[in-house]
Ligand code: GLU
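Shown below, as structure tokens, is a lone chain in the form predicted on its own; questions about how it binds or moves come after it.
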Amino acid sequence: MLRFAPSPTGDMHIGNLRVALFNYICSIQRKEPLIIRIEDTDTQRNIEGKDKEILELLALFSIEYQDVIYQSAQLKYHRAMAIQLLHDKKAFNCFCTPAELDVKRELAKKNKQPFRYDETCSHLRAEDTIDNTNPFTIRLRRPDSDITVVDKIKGSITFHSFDIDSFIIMRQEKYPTYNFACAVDDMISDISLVIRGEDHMSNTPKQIAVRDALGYDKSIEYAHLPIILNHEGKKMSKRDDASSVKWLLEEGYLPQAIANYLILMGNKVPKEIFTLSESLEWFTLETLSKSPARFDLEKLKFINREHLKRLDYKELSRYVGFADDEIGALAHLYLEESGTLKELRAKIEPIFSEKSIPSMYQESAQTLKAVIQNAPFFEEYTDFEQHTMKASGLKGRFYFKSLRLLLTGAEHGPEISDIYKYLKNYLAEVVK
């Protein structure tokens, strides 16, 4: 079993989408189910409706899964496991107040030492904690030995027992911390492989420590994906528009192109342009670079253009607001100068809108407009050109520039003869 475990606390980040894609691919390749676990235990940060938005985006990217689980529904298991750890003396109640811990934290900082819990409450006798009305957390006892994580991308990494620390597994209000809930849920769901971002690497030994303390002896494989950098070489954040999957879609990048790029980025692949289904045949985590990958919006735009070119004319037409093969073919002409649907619509929409003609061409355009509106239908552009040029008395740039402006609303673009081929049946709607 594999899992994708997003939190409903904001827009989906491209890093999260990349994790979802890799989990989906590996679940198919390994013939194991994929579940979606909505990690909603941080109630103060949850945003209503974000869970549904996550699921809608997964569907848009053709990521299939077996089930959706809400972490909050697992609370009874988290509490039961915490009680079991207390019973087995693998965990202890901690009565240290936040203020007391802050003092110790500041002292460690002053001494230029990493803060670690000083085990103040770890030696309390059981009878000293019974009927105590003071609020307390529950801490897992520091593991006796170091923990080694064998990662499919990063290799073998050892974490010292001292750094793992006696960390909190249940807060004062008796809700689980991230690492405890995550470890328990992975046990319950029988997860075999965890694929996630490398920012979770420090969490992994703590989750292993929880499972070890609970006597769970099944090995879980790990793959921590390198972070994604922005164009400045810094870690991508919410301040980067391109970090948001929603923003990319609104800008006119196709889901299949975004998926293509996220799989390609920092990876060795047999070809540059491919679909998600094609990647199932050759994708492997082992070819991913250990180094951070830089997100290049221009590269994504190139890939997006190639996927737009793959669309049939009917589908491309629908993307720009029509449902006609000829308009799709016309839109295809503009792909040489448009890399996104937003850019493409900006080329096509003016064709069927009221035109704004520069002052120097207004007179010639008005003359040509009257001729076109009264001209017979011509199948071939050469016949249309001969008729309208002769009837209008225009020639040279005043003819050709005026004609282009009347047909497209722009001074530059594809060859007029190619444009006419697809607009000849729409001249009454275009030149009005």
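Since the structure is predicted, the reported quantities are computational estimates derived from the model, not experimental observations. Each residue number is its position in the shown sequence, starting from 1.
Below, we refer to the form predicted together with this ligand, which is not included among the displayed structures.
**Student:** Heavy atoms within 4.5 Å of this ligand in the predicted bound form: which stretch among 310 to 318, 272 to 280, 296 to 304, 176 to 184?
**Tutor:** This holds for exactly one stretch, 176 to 184.
**Student:** Name the residue from Arg141, Arg105, Lys152, His200 that puts a heavy atom within 4.5 Å of this ligand in the predicted bound form.
**Tutor:** Selected residue: His200.
**Student:** Counting non-hydrogen atoms within 4.5 angstroms of this ligand in the predicted bound form, say which of His332, Lys347, Arg196, Lys206 makes the cut.
**Tutor:** Answer to the contact question: Arg196.
**Student:** Is it the case that Ala5, even though its partner is missing from this view, gets within 4.5 Å of this ligand in the predicted bound form, heavy atoms only?
**Tutor:** Output for Ala5 is yes: heavy atoms within 4.5 Å of this ligand.
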